[in-house]
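The same protein chain appears twice below, in two forms, each given on its own as structure tokens and labelled structure 1 and structure 2.
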Structure 1
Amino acid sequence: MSVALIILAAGKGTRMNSDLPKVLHPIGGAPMLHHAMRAGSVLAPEHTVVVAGYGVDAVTRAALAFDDEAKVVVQAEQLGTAHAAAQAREALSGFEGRAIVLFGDTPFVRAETLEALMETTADVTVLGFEATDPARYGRLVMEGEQLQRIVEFKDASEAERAITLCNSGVLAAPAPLLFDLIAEVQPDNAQGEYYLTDLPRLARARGLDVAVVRCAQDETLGINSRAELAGAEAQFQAAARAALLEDGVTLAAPDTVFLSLDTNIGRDTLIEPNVVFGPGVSVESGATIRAFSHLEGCHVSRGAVVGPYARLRPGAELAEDVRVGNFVEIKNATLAPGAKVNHLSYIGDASIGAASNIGAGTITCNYDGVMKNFTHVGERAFIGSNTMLVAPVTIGDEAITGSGSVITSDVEAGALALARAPQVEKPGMARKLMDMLRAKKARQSRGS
């Protein structure tokens, strides 16, 4: 059956106490909204409609960054979840399949759970969970297998508040029925809002079937505050680490490794303690990422060794068996197989040829204050320690630069380039100088 997703993401998220729209707060380096969109994508939806409101421009950019075919509709005033879902009506006009409403602030719903939701034959299906601490979640009032109504925490009586079966917010119904029912919703509740949670009651009044599919509590975590965001981050990290271990990645100290939603690491790679993977990192099989390294937007190939204390920034592309050592920063640079940058260097906007060795303290001077310029180093070149490669500049294959050189023009293949003041030696001069200085100090302390 064809599916349309309606993802509600218009709220400000008052309890976040933030200028950033709630659904853009990151978990695992990706906006919460991406987690919800990713969860829904397993149903191969024909349409994905994101309802944006607060911070609409930023939310639109984020939605399209995940799925450039998503439709973003605007809920100018946030009058409640039913009013939000109603905004998708036009975008889905003529669509007869099943609509599933997801919340942008509920990131962890599992694929199997959404699939189970699709399999029910009820007219309206709500995803519920047994809460150990039901807190402010809406409560599901059941009669046998039928869901009679959902009562929001603020509107609930003492007896209703004692119910532990709660509303995740996820709801499914044939799209035409969903919009029909939504049209009947009235804002007659404690908050004066149009509640999506009124749908089960309205459906029951028509004699329709309303079912509940149950899922684990950790899937339905709704994020409303910074404390819940921190809890969600911890939950995400725990799950992502467990998944890597399962996939055959060695994590020496899993609790100290931080991952992103899109982190991709191959089998038999070793990750030492205290490594941070920002967004956009892929590491092939059999690589080693040593302790205290920070990686984002980069690719590390088989057999490469990174760190300890290395920083790989966006555009760092490390081929097989590359070595990047301590206190080295690589940005927008490709390192061909076997290249080594072992100590204290900055390599930015550059290509380093196969098996070249970049000496300690080498810097690509890529930025002239206005423009970024490129450095090419050929194959099997040897860049002496503390070389300044003033870009744009090209160093040929098998060339050598003397340590301490400031290289401002191209070096041809096989050449040795020395660009530093020649050494001058003055015999006996050191002792003479020290004697002079000591005599001067003695005169000063006599006060003469």
Structure 2
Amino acid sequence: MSVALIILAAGKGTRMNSDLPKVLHPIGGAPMLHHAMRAGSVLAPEHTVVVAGYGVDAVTRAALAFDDEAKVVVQAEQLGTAHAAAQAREALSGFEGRAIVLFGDTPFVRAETLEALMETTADVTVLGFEATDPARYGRLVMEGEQLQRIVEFKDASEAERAITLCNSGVLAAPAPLLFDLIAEVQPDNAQGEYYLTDLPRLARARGLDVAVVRCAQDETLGINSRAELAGAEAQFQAAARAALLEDGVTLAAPDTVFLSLDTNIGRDTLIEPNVVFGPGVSVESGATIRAFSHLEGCHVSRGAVVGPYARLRPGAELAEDVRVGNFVEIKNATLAPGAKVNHLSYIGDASIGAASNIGAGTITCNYDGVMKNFTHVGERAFIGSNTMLVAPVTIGDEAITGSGSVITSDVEAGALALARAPQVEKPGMARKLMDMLRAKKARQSRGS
């Protein structure tokens, strides 16, 4: 059966105390909204509809950044979850498949759980969980395998409050049925709002099947405050680290490594302590990322060694057996197999050829105040320490630049380029200069 996702993302999140819409607060370097969209993407949805409200422009940009075919609809007034889901009716006009309602602030629902929702044959399926502390969750009142109704804590009897099977809010139904049931929902509550929790009761009144799929309680965690956001980040990091360890990645100090939602690391890679992986990082098998390095938007190939204290920025592409050492920054640059940038250098908007060596303190001077310009270093070149490569410039294969050079013109293959003032030596001048300075200091001391 074809699938449509309806992701509710209209709330401001007052308890977050933020101008940023709640669903855009990040976990694992990605907005919470992306977590929900990613989980749903395993179902290959025919439609993804995001219901936005507060901060609609920002939510729209985020949704389209993940899926450029997503549809964003607006809930102008926040009148409850059923009212929010109803805003997707027009976007799904003519769609006869199954719709799954997700929440943009519930980031941990697993793809396997959503697949289980799709496998049921019931007319309406609700996602529930066994709560260790049911607290104020809505209770799922069952009769055999059929869900009779969802009762909110404040409306529950003592017997109903003893039920530990609770409501996650996630549900699935054929889209036409979903919207028909929503049309029957009435705001018969203190808040005067329209709630999806009424749907099981309305479906049972029609004699329809209403089933429950169970998941772990951790999957249903909703984020409503900064404290809960911090807890969710810790939960995400713990799960992501455990997954890497299971996949054959060595984490020398797991609790100090921070990962993003899309971090991809191959087995037999060694990650030393205090490494941060921002969004968009891919590391192939057998690489080494040494301590205190920061990677974002980059690709590291097999056998490469990065760090310690290295920074890889977006567009950094490291081929096999590349070495990037301490206090080196790479941005929008390609390093071919065996290239080395071992110490205190900045390589930006550049290509470094195979087996070339970039000496300590080398800088590609890529920005002229208006434009970014490109530096090309050929294969097996040797760039002397403290060389300034003033882009645009090309250094040929097997060329050498002398230490301390400022290279402003292309260097042909095999050439030695020296671009520094001749050394001038004045015998005895150092002692004379020091004597003059000491005498001046003494005069100043007497005058004070």
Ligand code: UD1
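Superpose the two forms; the largest set of C-alphas matching within 1.5 Å is the rigid core. Numbers given to residues start at 1 and step along the sequence of structure 1. The structure displayed is predicted, hence computed values, not measured ones.
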{"property": "Between structure 1 and structure 2, the form predicted in complex with the ligand", "result": "1"}
{"property": "Residue 249 C-alpha relocation of at least 2 Å between the two structures, rigid core basis", "result": "no"}
{"property": "Residue 103 C-alpha relocation of at least 2 Å between the two structures, rigid core basis", "result": "no"}
{"property": "C-alpha of residue 122 moved at least 2 Å between the two structures on rigid core", "result": "yes"}
{"property": "Angstrom displacement of the CA atom of residue 438 between the two structures, core fixed", "result": "4.0"}
